[in-house]
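Single chain ahead, by itself, as structure tokens, in the form predicted alone.
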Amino acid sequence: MSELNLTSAPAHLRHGSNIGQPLTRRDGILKVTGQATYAADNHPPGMLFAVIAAASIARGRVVSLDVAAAKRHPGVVDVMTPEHKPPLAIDPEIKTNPFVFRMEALQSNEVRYANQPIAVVIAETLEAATEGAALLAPRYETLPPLVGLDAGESFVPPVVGVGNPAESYHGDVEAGLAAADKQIDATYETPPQYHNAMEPHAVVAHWDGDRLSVDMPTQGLKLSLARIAELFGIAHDKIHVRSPFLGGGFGSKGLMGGPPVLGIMAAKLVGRPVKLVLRREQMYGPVGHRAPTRQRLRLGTDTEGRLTALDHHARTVSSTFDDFYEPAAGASHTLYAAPAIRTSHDAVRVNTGTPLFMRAPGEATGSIALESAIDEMAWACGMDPLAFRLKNYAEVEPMTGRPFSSKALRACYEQGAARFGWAKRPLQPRQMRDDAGLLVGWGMGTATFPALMFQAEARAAIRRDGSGVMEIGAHDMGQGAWTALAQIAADAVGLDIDSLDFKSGTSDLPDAGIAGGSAHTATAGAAIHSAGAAVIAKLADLATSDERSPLFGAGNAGVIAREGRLIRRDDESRSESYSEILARAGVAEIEARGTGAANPAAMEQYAMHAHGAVFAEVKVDPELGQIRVSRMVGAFAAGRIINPRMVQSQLFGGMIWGLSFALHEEAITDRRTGRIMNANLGEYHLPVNADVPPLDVITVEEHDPHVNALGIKGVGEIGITGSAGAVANAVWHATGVRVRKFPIRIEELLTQL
């Protein structure tokens, strides 16, 4: 139900029966019956298969490829190499805006990292292309690879993350530490991690003259379209990108990378449609990852256990040819109220594909170190970790002084602790065992993530038959966007969701912005909300200016849009259906557009974050050092909940990822060759069902009027940020052993148990 005052644009619409309902996924049946069409499911007539030949060295150059042998293989059509490829309109090394990263498009024979594409074989069948790639038998000139956090001389990057300063501070940290009654100084390390979405990166490209059709999984339809346009020198309106479903993205499908560009180039080279799909091991290189970090935290407290200073320094890496720096120390900007805080970063360059955004970039890596250090500081003060956090959590953003929803954070602490039974936790470690003699430990971590918004546009229409249409080029990576955004749309136009035609997932629809930063529901939802209000305003204008309508003369009283009818707000006995209004006006359809974007004035005045608290129980075998997480409780305040079922699913996923971060996930690089040794799902450890305990999620009621018109905050990433620290702290509480290098390994415990 939407409420509209005809004299001014509504600041808020009152919504009815769709928002807040735990609807099942609108695309669920398509997915479980195999009818959902992912990029690689498309097979246009005459399609060929392309396979990337990837470098087996990390640094050097390709000296030769046996192209003739590959071409002799039955079914091979062509081999694309740096010497034989269609030209691009611009050099892929050129960065035309801050969201463009350098890519490999066979521009030279230089090898900058292992798994870099060095050629593409195109064939009639996947098997022929694969065999052809093997027959290339590349020979190299090899140089010693740069590997690890100590690979070379460090430097201070100009920015970290997306335009954030490498160093920030307020207050005198050194004076705060010198005046402290208690101090800790601890260093933590996190490993490289790779996205490993269920669906690998894929592209099906088809040229029709100068027109291009592309099926590819992308978190940013319009960003991908724009990058394709500039690389190939064609107009935007001659490109059609389809991405209705994504089998996970986690940031790796947000910005255009080299592999889909190679697929489009291959199609241009042979003049036929081409499909290119990365093999699992090929996803460890050209499509981004989370960089490793080494983080030093120094904390001090006074005699009452209040923080006097917090110093957080992070070292990370980037590639030798581009710049993205994991903003890990930024996690210390927002949570704890120290009078002096300093965050800083330095970096080294290594032979790796460029690190990029990976679910909770900066927050995930930074929070496991910060939350571990907070627990260590609480122990040094002889305080319970929850009591220490309640004493020190920030009520305004420490670095800026802007207020935020600190009461919601306190509610997360209190509700999560009560559900978990935290009051029974002994202060000393290694005090609890279960009936089987396993060591039991309880840990906690604070969760936070910024409430971001980008820019988006939507188109809404009401048809003469009383149904509605909402169009927006949004993206569903599995988070439930098709469902949640349709719920917002239905309420925005005053219809039941089944009476709404929700169109999404293609580049010819209005720009929904990027599905990243936990901002997609807020951003696209705001545009949908605005478009719905605009089309209802047009419809109301038709009715209230028509003497034949029972709504004539409603004027400032306004109308309510509900269940396909406009109703006078001051007299609900007077109403008219959408179809009656349009039929009498002789109009088949009425439409309007709306936009969504952050409010700069509100952003300047308020700090905007989602908050949470996670509590974990682990059990550790005292003889084997084997760790099992036995239960987790998370309490999260994330603004208005559009669909409780989808939100719970996202928070569960984040908590599982945090568990994985603490105990499982790590890419291991051979320091001699620079190659990743576990570039597969057999050896790159991820939690399976047996590793995941019962999970309990509480959504804490929160009404934040400042974040956006709908009060929405994101939930896609916040679940990681408290969970990893909670598990790590629980391991310490069970064993008395503080492990500071993640993931926590059995051997780290065995030597000290």
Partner chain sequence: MKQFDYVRPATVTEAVAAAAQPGAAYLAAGTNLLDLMKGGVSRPDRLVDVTHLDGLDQIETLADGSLRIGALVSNADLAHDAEFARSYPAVAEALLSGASAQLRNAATVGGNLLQRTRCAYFYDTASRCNKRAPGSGCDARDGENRSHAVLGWSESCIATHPSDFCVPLVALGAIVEIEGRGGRREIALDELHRLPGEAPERESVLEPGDLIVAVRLPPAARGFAAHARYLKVRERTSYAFAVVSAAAALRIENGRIAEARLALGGVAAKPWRARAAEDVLKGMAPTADAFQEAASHALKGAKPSGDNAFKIELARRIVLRALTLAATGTPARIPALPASPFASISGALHV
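Residue numbers count along the first chain shown, from 1. Treat the numbers as computed from the prediction; the structure is a model and nothing was measured.
Although it is not shown, the form predicted in complex with the partner chain is what the next lines describe.
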In the predicted bound form, is there a heavy atom of the partner chain that lies within 4.5 Å of any heavy atom of Q487, even though the partner is absent here?
no
Contact label in the predicted bound form: K407 to the partner chain, heavy atom within 4.5 Å:
no
Decide whether L438 counts as a contact residue for the partner chain in the predicted bound form under a heavy atom distance cut-off of 4.5 Å.
yes
Determine whether any heavy atom of S56 comes within 4.5 Å of a heavy atom of the partner chain in the predicted bound form, and answer yes or no.
yes
Counting heavy atoms only and using a 4.5 Å cut-off, do R464, V469 and E591 all touch the partner chain in the predicted bound form?
no
The chain here is shown without the partner chain. Which stretch in 201-209, 419-427, 371-379, 626-634 comes within 4.5 angstroms of it in the predicted bound form, by heavy atom distance?
626-634
Only hit among D621, E124, D323, E563 for heavy atom within 4.5 Å of the partner chain in the predicted bound form is D621
Among R61, H685, H706, R26, which has any heavy atom within 4.5 Å of the partner chain in the predicted bound form?
H685
Taking heavy atoms and a 4.5 Å limit, what residues of 72-86 are near the partner chain in the predicted bound form?
H73
